[in-house]
Structure formats: C-alpha cells, structure tokens
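Structure 1 and structure 2 below are the same protein chain in two forms, each given by itself as structure tokens.
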Structure 1
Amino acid sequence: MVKEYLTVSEVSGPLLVVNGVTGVGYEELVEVELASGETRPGKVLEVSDKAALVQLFGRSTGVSAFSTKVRFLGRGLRLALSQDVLGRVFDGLGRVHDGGPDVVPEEFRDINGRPINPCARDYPSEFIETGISSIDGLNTLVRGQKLPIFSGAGLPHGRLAAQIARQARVPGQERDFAVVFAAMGITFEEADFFIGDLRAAGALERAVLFINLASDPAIERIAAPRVALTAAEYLAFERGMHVLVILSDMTSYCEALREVSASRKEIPGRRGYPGYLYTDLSTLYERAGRITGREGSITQIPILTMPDDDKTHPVPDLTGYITEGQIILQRDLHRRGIYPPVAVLPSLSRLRDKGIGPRKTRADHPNLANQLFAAYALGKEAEELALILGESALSDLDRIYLRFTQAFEGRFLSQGEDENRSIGETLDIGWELLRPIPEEELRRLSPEEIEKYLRGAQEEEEGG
C-alpha cells in the first residue's frame, strides 16, 4: 500500500525529515516527487511515531518543504531480473542506462538479499587459473572466493582486473565466467577502459554493468553494489552461472556512506567513517560463495584505493577483516616498471590451501609457494641491509637471496598484460628461481621435492 505525504519538514544533505507519517516501515522504499514532476528514489533510515528520516539516493536539490510529495511504497528497493540482464547496462539503482528497453522481469528481488545460512554453504575449493603468476602461484584465487585488490591512485588495478576477467577459467572446464561489474565513483575513462576490454574479448554478452561514475550522485553508490550483487545472485543461484563480480571503487562507496552518516550527525568512528562500516561491508562481501546443491557461484573481486597507500585506513582494514585475503599493489614495484605490481608478501589468499595441491594444481605447489614466500622475505631483508651497509657487507648467503629477489621480481612477478601463464609454467619458473639457493636453506620443501625438482633438474641440465 502506497502512502503519500506533503509534509517534508527538513532537508539536509541527502536527508529529508517527513512529518506525521503512519505505518511507515524501516528501510522502506520512498519515491520523492518534485514540483516539476521529476521523481527520485530514497529509503527510510529511521522512523518514529512522529516522523520518518529518509535518505535520497541522489541529490536533494529542488526538494522543497511545500511542494514535494513523498510516497512510501511499502517495500524495499527491488531489481527486475531475468536472463536478459546479460549484455545490458544499468545505473547504480538498476535503471536501464543503455537506451535499450526495460528488462521484462521474471522476478523482482529486494536488493539487500538475505544471509546465506552457513549450513548451506559449500566451501570454495576450485582453483581458478588467472594466468597471472603472482596470483595463481602464491595467492591463489578459487571459485566462490572474495578476494579484493588493494590499490592506490594511479596504480594499474583496472588493467589487472580486466586481465583477470579476460583470462580467468577453471582448468578442465570450458565454461566462461559471467561478469557483473559495478562502477562506483570511478571516472568515465576507467569505466570505458574496462568495458572496452570486455568488448574486445567478446565478453560483453555475458556481462552486466552497473555504472555510477564520479560525476553521478554519490549517494546512488550506496545502492550500486547491492543492486549488482542481487543480479549476481540471480545469475549464479537461479541460472547456474559462475559469476565474477568486480566492484570498483569500494572506497568511493564507503565515502558515500560516511556522507550519510555525517548528515545524520552520528558519532563518527575512525576517520569519520560510521561505527557500523564493518557490518555494512560484510553484508556486501559475504554475498560471495557457493551453495551446496546449486550449480553456480559468486567470486568477488572488489577493488579499493587506499588513501595515501595506507593499508590501515578503515576501508582496506575492515575489508581485509572480511574478505578471504587481499591482493596488494605496490607503488614501488610499479615505479620500477613491474607489471602487475603485486606485493606478494602482504598479499594473501586465505582459500589457497584448499584450492591447490594434488588433483587441483600440482602436488609440489603448496611447499613451493611457501618456500618462495620465505625466500623472497629473506631476500627483501637482504635488500634492505644492502641499502644500509652496502652490498659488500652482505654475507654470501645474503647475496644469494638478494639475487633471488631480483630474479623473482623480474621473472616471476613481472609478466605481460596479455601473457596468460599456465599454472605449470608458473610453478616451473618458481623452481628455477630456487635453484641457486643452498639446499639446507630450503626448509619448506620435502627431501623428495628437493631431489625431484632441484637436484634432478640440475643433473639433467649437466647431463644434457
């Protein structure tokens, strides 16, 4: 049942206070009609027996206390869904944005979704080959994982995300991922690059785009990831598709949330972000996963830019606490021309251990990865030492590690934007890099692995 009021008593930022409402529910969808006849959506943030506090998904310009009508629609914001959303472009609220016809809905879904029962979840464990060594080899992505990219202004996260979207596949399965892309507050060029890349790869027909650019209303961003994830859930769990969701940029999303919180005069948490930011973000990120007995999956790659490259900023910090790892891009590597500039040590894939090893990638993968991590960490320390004391002061062993590190960054991390390395190639490069390191140093490897991959290979080389 729709209720209409003409009782706006206060407008501040994106918020309206509507007096004298009855029977209005929390989180209810609101339609605000200006004198011009233009309508704007909003939702109820708080309601009492006297008034409702409404947050507009957009600007409040033009709203007036006398002529603005506010309608309460008795339900939450919903998205019209059918298979035909594929190949289409929508705005941050899920309205058609490509000039095409409206989607003929098969069903409507509330954009907030509902929590997956932990008993219904299926643990993600299928290896996704992205063709990128620093990810596949060391911080492996699996199907149904939520693995964000922590980036910084000017770093090539867009290119990396596009490369992942282009190359990702599960070995042995020819089905491609469907891509759901939500742009939140990114520039036209950034969005255009990504879309162009999908088009060039012929992937646009199996993509759904939700676009809220930097120039679009900031508050609309609060709905955008929810709308996108609702589409993803529909495609994954009703249509059995494997969906890759890319959300960019989560920092802009959080800033919009902060703006609303500030307008409400809530007690600010760290750096002005609201205290419920963790809970809010988790209701997005937890919408990734697999469900027992259902065909599809949702793999999430949220992208966020760390203000000042600071990992302890609330947005990356809270994200890292919720997601199943993080891929961190580093300015220093980028400056040295290394693409993709993945800082592998602080990066992490929490699901790696379930997705690699015998029958998944290769039996030698887990120990090799651990050994590469350990050796690279020592090499980085040696590098630091060399900066302070000069290389001549390094011990022989330190020098070996230093050379390892240079080779590792040059050959393992570094690869072309179109270079699609198989997991076998990635692991083989890893073994080759370890060869100069004395055996007794390689404590993460089993004696059999040393025998098979290091000594064995050496003899072969010598013999041949």
Structure 2
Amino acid sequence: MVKEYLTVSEVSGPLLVVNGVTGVGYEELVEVELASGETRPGKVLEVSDKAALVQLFGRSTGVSAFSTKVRFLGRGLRLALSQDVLGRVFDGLGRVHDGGPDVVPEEFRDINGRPINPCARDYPSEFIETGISSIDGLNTLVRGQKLPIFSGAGLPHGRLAAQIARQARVPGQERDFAVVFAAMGITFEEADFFIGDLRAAGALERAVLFINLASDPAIERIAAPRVALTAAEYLAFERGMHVLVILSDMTSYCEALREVSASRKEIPGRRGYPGYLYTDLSTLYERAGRITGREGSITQIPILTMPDDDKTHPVPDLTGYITEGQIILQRDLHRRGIYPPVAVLPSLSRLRDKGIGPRKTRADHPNLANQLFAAYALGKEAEELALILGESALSDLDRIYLRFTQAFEGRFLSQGEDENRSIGETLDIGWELLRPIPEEELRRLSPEEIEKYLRGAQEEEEGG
C-alpha cells in the first residue's frame, strides 16, 4: 500500500527526515516528488516510531522541507528477471543502460537476498578454468568458491578481471556457463573498456553487466553488488546455470558504505568504517556457493584494491576471514613487466585440492603444483641470498633454483592478455621448467610421475 506524506522536517545532503510515518519498513523503496512535479527514487535507511530517515538515489537539489511529497511504496528495490538479462548492460540499480528495450520479466525479486543456509550447501568440488596459469595451476578456482583478488592502485586488476570474464568456463559445460560482472565506482573509460572487451571477444552474450560510475550516488554503489547477485541467483538456481560473479571494486563499495554511515552519524569503527562492515560484507560473499539438489552454482571473485598495498587494511583483512583464500597481485612483478603479476607464494586457494586431480584436471596436477611451489620458494631464497652476497657465493644447486625462478616468472606466470591456456598446457609448462632440477630434489613427485612426465617426455624429444 502506497503512503504519501508532506512532513519532511529536515534535508541534509541526500538525506531526508520524514515525521509522523507509520507502517514503514527498513529498506523500503521511496518516491520523492518535488514542487516541480519531478520524482526521484530513494529508500528508507532508518525508521522509528516518530520518523523515517530516507536517502535519495541521486542529488537533492530542489528538495524543500515545505513542498516535497514523500511516497512510501511498501516494497524494497526489486529487479526484473528473465533469461533475457544475458547479453545486457544495466546500471547499479538494475535499470537498462545499453539503449535496448526493457527486460520483459518472468518475475521480480527483492535485491536483498539471503546468504545460503549452511545446512543446504553442497561442497565445491569442480574445476573452473580461467585460462591463466598462475590461477589454474597453483591457486585453482573451484565452482561455488569465493576467491578474492587483492590488488593495489595502478595494478592491472581491471584487465585481469576482463580476461577472466572472457575466458572462464567449466570444462564440458560451456553452454550452461554465465558471467555476472558488477563494476562499482569506475570511470566512464573503464566502463567502456569492460563492455567493449567482452563484446569484441564475443563473450557479452553469456554475460550480464552492472555498471556503477564514480559519478553515481554512493547509495547506488551499495545496491550494485546486491542487484548483480540477485541476477546471479536467478540464473543459477532457477535456470540451472554455473555463474561466475566478478565484483570490482569492493573497496569502492566499502568507501560508499562508510560515506552513508557518516551521513547517519553512526559511531565509526576501524579507519572510519562502520562497525558492521564484517557483517555487511558477509551478506554479500555468503550468497555464493552450491545448493544441494540444485544444478546451478554461484562462484565469486571479489576484486579489491588495498590502500597503500596494505593487507591489514579493514577491507582486505575482513574479506580474508570470510572467503576461501586470496590471489595477491604484486607491484614488483608488475614493474618488471610480468602480466598478470600474481604473487603465488602469499596467494592461496583453500579449496584447490577439492577441484583438481583425476577426472577433474589431470592426475599429476596436485603433486606438480606442490613441487612448483616448493621450487619457486627455494629460488626466491636464492635470489635474496644473491642480492646480499652476490651470485658467486651461491652453491651449484642454488644457481639451478635461481635460474628456475627466472624461467618460472618469465614463462609460467607471464602470459599474454589474450592468451588462453588450457590446463594441459599450463601443466606441461610446469613439467618443462622442472627438468633442470636434479631428480633427487623432486621429493613431492612420485617415481611414476617423474618417469612419465620427465624421463618419458625427454626420451620422446631425443627420439624425435
């Protein structure tokens, strides 16, 4: 039931205080009508027995406490949903943004969905191929997982996100795979890049884009990931699709949350962020996963920039507690021209071992990944020693590991922005890089794997 009031008592920026309201709910959608007849949307941020606090989705220019009408619509913000959302571009509130016709809805859903019930969750266990060796080979993404990318200002996380959106697939189930991409607080140029990149690669038809620009209101930025996840839930659990949700940039989202919290004069927590930041982030991240008895799934890759490359900043710190690992981009690798600049040693995918191995990727994958990690760690130690003492002070074995590290970063980590490597190609490169290392050092590999992938491959090359 629509209720209309002419009792605005205070206007402070995008916030309105409406007195004497009854029967109004939290997050309820509001329509504000100015004296000129223009209407602007908003929502209820706070409600008491005497008044309601309303935030506008946009500017407050022209809003007057004496002539403004406020209508409470009796429902929250809803998204129109059907299969036709695929291939479309929307704004942060779910409105059509590509110049095409409105979506003919099969249903409307409130964007404030609920996290998946832990008792209904099915364990993630299937490999998602991104075509990027540093992820597929060492920090594997598993269907239903939440795996964030921690980046820094100026690092190519936007390019990496676009590459993952283009290339990601569940092997053998490409037809049922979709990407939902929510970009928050980006510039017009960045938005144009994402849309153009997916369109040029022919991947837009299986993607849904929600674009929130830096010039858009903060309240819209808070709605954008919820709108995107609502679309993902429909495609996954109603249409049986495997949906990859990319959220970029979660730091922009948290900054908007802090701005709204300050407007409400809430008591700030760490670095000015609201004390409920952890809870708020969990309501987004925990909407990913698989549900027992349902075909579809939602896999999440939140991307966030760390201010001053600080992993202890509240946003990456709290994100790490909720999600199942992290992929960290390193500035030093980027300076040396390595793309993508993934720092594999501090990166981690906690569900990696559940999604690799026989009948998933390849039987040698788990042991090979462990051996590559170990060899790279020893090589980085040798690299540090060479910086202090000089390379002449290294032992013969240290030099072997040092050369392995250089080759590993140049051939395994580094790849083209349009280079889509299969998991087989990634693993084969790993085996090739291990050949110069003495066999007695390869303690994480079985004798059978060494015989098949090292000696066998070498004999084939010599015979050829």
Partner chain sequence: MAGRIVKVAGPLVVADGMEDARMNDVVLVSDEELVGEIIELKGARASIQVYEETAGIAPGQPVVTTGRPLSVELGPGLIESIYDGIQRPLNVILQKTGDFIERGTAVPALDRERKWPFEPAARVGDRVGAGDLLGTVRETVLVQTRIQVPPGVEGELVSISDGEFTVTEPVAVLKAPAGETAVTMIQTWPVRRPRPYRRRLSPNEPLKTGQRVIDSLFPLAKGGTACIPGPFGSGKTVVQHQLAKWADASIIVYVGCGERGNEMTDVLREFPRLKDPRSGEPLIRRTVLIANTSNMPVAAREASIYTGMTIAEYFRDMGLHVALMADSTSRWAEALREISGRQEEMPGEEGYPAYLATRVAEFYERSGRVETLGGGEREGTLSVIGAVSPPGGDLSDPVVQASLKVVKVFWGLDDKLAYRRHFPAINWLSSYSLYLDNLQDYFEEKIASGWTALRTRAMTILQKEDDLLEIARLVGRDSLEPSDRLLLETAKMIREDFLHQNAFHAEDQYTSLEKQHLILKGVVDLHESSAAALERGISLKTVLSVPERRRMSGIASLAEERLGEMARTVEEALRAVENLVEAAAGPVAGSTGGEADG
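Rigid core here is just the name for the largest C-alpha set that superposes within 1.5 Å across the two forms. What you are looking at is a predicted structure, and each value in this text was computed from that prediction instead of being measured. One-based numbering along structure 1's sequence throughout.
- The chain appears twice here, and it is structure 2 that represents the form predicted alone.
- In a rigid-core overlay of the protein, S252 has its C-alpha displaced by under 2 Å between structure 1 and structure 2.
- Core-superposed comparison between structure 1 and structure 2: the C-alpha position of R169 differs by no less than 2 Å.
- D364: CA moves 2 Å or more between structure 1 and structure 2 after rigid-core fitting.
- For Q55, the CA shift between structure 1 and structure 2 after superposing the rigid core equals 2.4 Å.
- Lined up on the core, L394 has its CA atom moved by 4.8 Å between structure 1 and structure 2.
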